[in-house]
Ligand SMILES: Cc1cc2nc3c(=O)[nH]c(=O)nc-3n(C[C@H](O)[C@H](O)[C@H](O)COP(=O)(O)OP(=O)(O)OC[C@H]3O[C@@H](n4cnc5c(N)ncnc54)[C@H](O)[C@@H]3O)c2cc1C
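In the form predicted alone, a lone chain appears below as structure tokens.
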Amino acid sequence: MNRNDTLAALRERPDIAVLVIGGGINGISVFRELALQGVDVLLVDKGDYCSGASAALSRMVHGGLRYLENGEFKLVRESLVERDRLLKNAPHYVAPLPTTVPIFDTFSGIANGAVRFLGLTRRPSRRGALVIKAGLTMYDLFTRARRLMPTHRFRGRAETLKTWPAINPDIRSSATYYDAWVSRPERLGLEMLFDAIASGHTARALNYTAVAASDDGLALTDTLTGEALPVRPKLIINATGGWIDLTNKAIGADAPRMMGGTKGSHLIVDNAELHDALGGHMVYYENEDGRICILFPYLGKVLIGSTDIRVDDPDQVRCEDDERSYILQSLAFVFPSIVIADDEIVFRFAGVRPLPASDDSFTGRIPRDHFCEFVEASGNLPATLCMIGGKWTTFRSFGEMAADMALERLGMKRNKSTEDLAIGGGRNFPADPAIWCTALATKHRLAVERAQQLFERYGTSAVDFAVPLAADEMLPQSDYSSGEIRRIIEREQVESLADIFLRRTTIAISGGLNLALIDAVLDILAASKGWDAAQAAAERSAFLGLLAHQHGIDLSDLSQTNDKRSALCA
């Protein structure tokens, strides 16, 4: 069902069982859970799917080693279970990540960690080898019944410096353990969304659709056309993360303050020396102020983050210059000999962690767990179930929790579990991807390299993109084809250039943008949407403005990139 069909159906019948507000990873998760039970459910988001915090995570799929200090053992155990499920259910996007912790002390943090665990202090302190050993031992114990990855190991100073010669020479030792990373989190969310819609006729979704109170209850507004239409759900699920309080206000829910989010900013850096210095590992380190930071190889570049700053307005969040300086300073602490030039920062992004309301002065102590609360019905508004807190790794279990509460309220029972349900291109995942890609290439007259490229992007769904290159030209200065982009536009509810470059593909975050490519994709999008020249020009201008404001990429940078690449090609 396309956008027009969904809107037409709602005009004819505005009554639905459940309205999920928020198309981030948690909203999509509960939407999928309900859809699989046959519930008549509609998901809406005022922007694009996975365009808020779900597009701004650290790309880690992890148990949360540092949450042990807060005593959040249940959350760590749950996160490790969900991490391992994702390794099995989404192997095309989620993969093991060796993670190394540089250690500069032996006994530091023992006393302060103990009193912090007891709630007697909120101060961070440097963690020494013994504290880290205790945490990693517990990590291993939590996963001993389903060992998917190696247990942790320690290295002395000499072996650490031999393995990572560029690391801070003041190091005493290091510890390596395994977590996981996600290459394309936005696409994984979209795959779950489309899997849910395909599961039956009871699930529908609309991006670019706002919800607000009306005289008769609730109204949806199509922000692309301005059309407003009523909607009458039996139950509302507020899954808007950092926007929960704003959403409750907009729909007229009589709810107390629930959220107290913090901002996390990240940089994507194109520096070969740094990339090689990591040796394929994530380095999980403490900055000099005790703040945990990360850096790891990401799609040929290096991801570095993050900050942890309280925010009042989630719509105004971006990576500011002082955060950029902080992140680079933290890098200089752990790899002091590596200098990052300004033009090597190819992308920056920021998102809001959906943390529960808290007055704690130290943001690292705010609980990272998740829970749900009902706001009971009043007037024309039905009951609202608010999904509070959460981290990306636990989206499935959080969605399951919310769905079970919704099903109970609706008098329905669960008939299908998602615990072992493969997602999108993770279905029928081959034991030997190389053999699978060779077969795909042979069947569709593709170069094996192209088949491998599509497999990396889409998993087994690569078959949907397998068009012979002789009939599908590559886009300028890009490894994406015109047919690939056309299929994405036609089948994935694309409404803007940002949808394509920031969420349906990894072109922007991996530093692959250039003006020639933007214009080529715009031509395809404009033709699909029937835009005239003025509409296409406005879309181009809006996208370039977004890149400059939100992601540190301005028009002059892109023009210079084009000039350099044109000169090289000449």
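What you see is a predicted model, and the numbers here were worked out from it, not measured in a lab. Quick note: we count residues from 1 along the sequence shown, nothing fancier.
Heads up, the form predicted in complex with the ligand isn't pictured, but that's what we're talking about next.
Exactly one listed residue, out of L97, V211, A441, V311, brings a non-hydrogen atom to within 4.5 Å of the ligand in the model of the complex: V211. Contact annotation: of the candidates S58, N514, N70, T506, the single residue with a non-hydrogen atom within 4.5 angstroms of the ligand in the model of the complex is S58. At the 4.5 Å threshold, heavy atoms of V39 stay clear of the ligand in the model of the complex, well away from it.
Looking at R66, you'd find every heavy atom of it more than 4.5 angstroms from the ligand in the model of the complex. When the ligand is considered in the model of the complex, G425 lies well away from it, no heavy atom lying within 4.5 Å. Taking non-hydrogen atoms only, I21 approaches the ligand to within 4.5 angstroms in the model of the complex. Only one segment in the set 523-531, 30-38, 537-545, 45-53 has residues whose heavy atoms sit within 4.5 Å of the ligand in the model of the complex; it is 45-53. The candidate spot formed by V269, H275 and F335 lies out of contact with the ligand in the model of the complex, as no residue has a heavy atom within 4.5 Å of it.
Residues G390, K391, W392, T393 are the ones in 385-411 with at least one heavy atom within 4.5 Å of the ligand in the model of the complex, listed in sequence order.
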